[in-house]
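Below you'll find only one chain, the form predicted alone, shown as structure tokens.
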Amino acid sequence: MNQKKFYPNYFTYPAIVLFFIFYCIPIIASFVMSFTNWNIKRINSPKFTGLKNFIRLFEDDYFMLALKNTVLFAVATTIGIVVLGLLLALLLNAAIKGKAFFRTVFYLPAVLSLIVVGIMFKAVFKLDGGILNQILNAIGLSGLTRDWLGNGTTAMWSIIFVQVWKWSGFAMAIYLAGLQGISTDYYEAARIDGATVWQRFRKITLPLLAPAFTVVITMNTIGGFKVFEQVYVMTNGGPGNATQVLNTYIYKEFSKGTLGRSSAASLLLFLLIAVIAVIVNKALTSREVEM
């Protein structure tokens, strides 16, 4: 039976129109406006300025700090999520009691709203009455208590910890799918040949988990560069500019009315994510092996 009678092509037209209006047009407009002096004072009369916005961005110490913080956040969170997610997957892939329950518990943070998580951990890291400081006081480590989000040294690492906590369970689920797809015959043959646990892990598990590593590393690298909600809710880029990242920088520039400059920063962030995602994905895909 001809499926076109039930699902004609014109059913897709409303979705295509909405996608073009609310996605494609804003992207094109942002690209064009990034080369202008468009701001709130000349909202109807932007003038073409060429690369001036981009040059000024790289001359702006706050933008360079935001870029540095974004790279640190992306690298640190990706490493933390990859390692912790893999450890959880290896532990919960073993024959232990209650593993289905623990899989659910560790995965739950991934379904929570980023705003909710940010508010929750803002309460955890508070100087007065924060859960973390109360625990440290209770176990006799009062000397370690501090304003975790108000200290320039610990604020970024606190946000990094939250990101790792939230997404490690999601990485665990991807690793578990990969682990359960590896035939036990490989391990049996290696065990018969006298391979140690470490040798089986290095020679069998890691190579055959390469596709899972590709997904986890690529997704979390992109997510790290796109970070906004946690930083905005927990510190709003502070204290000072210690936790300023590219998306919070763009948001603040847009809030100030420098629309052309914020569009230029958005374009740079898009290009940065695109280039890094392609490089990372290509490098990891080349290491994948067939099972």
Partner chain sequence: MNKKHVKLMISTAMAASMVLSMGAAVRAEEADYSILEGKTISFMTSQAKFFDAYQTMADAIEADYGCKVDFQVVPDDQYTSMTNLKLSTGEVPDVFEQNYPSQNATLNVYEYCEDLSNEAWVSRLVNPDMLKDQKDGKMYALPKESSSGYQVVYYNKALLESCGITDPEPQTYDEFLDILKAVKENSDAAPFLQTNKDNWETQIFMTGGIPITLGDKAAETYEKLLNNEITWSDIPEAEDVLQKYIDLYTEGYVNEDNLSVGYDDAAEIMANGKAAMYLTVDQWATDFGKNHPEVELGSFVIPYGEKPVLPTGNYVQGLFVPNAGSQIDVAKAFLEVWSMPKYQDMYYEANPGYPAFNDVNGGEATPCVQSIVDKYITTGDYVYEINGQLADANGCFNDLWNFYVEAAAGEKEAAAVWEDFQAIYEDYMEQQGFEAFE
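Positions refer to the first chain, counted from 1. Here the structure is a predicted model, which means the values were calculated and not measured.
The form predicted in complex with the partner chain exists for this protein as well; it is not shown, and the discussion that follows is about that form.
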From G150, G118, P207, G80: within 4.5 Å of the partner chain in the model of the complex by heavy atoms is G150
Report yes if all three of L127, P239 and K256 come within 4.5 Å of the partner chain in the model of the complex by some heavy atom, otherwise no.
yes
- Give a yes/no on whether Y232 approaches the partner chain to within 4.5 Å in the model of the complex, heavy atoms considered. yes
**Study point:** is_contact(M64, the partner chain) in the model of the complex, heavy atom dist at most 4.5 Å
**Key:** no
Handout entry: Close approach of K122 to the partner chain in the model of the complex, 4.5 Å, heavy atom
Key = yes
Classify L51 as contacting or not contacting the partner chain in the model of the complex by the rule of any non-hydrogen atom within 4.5 angstroms, answering yes or no. no
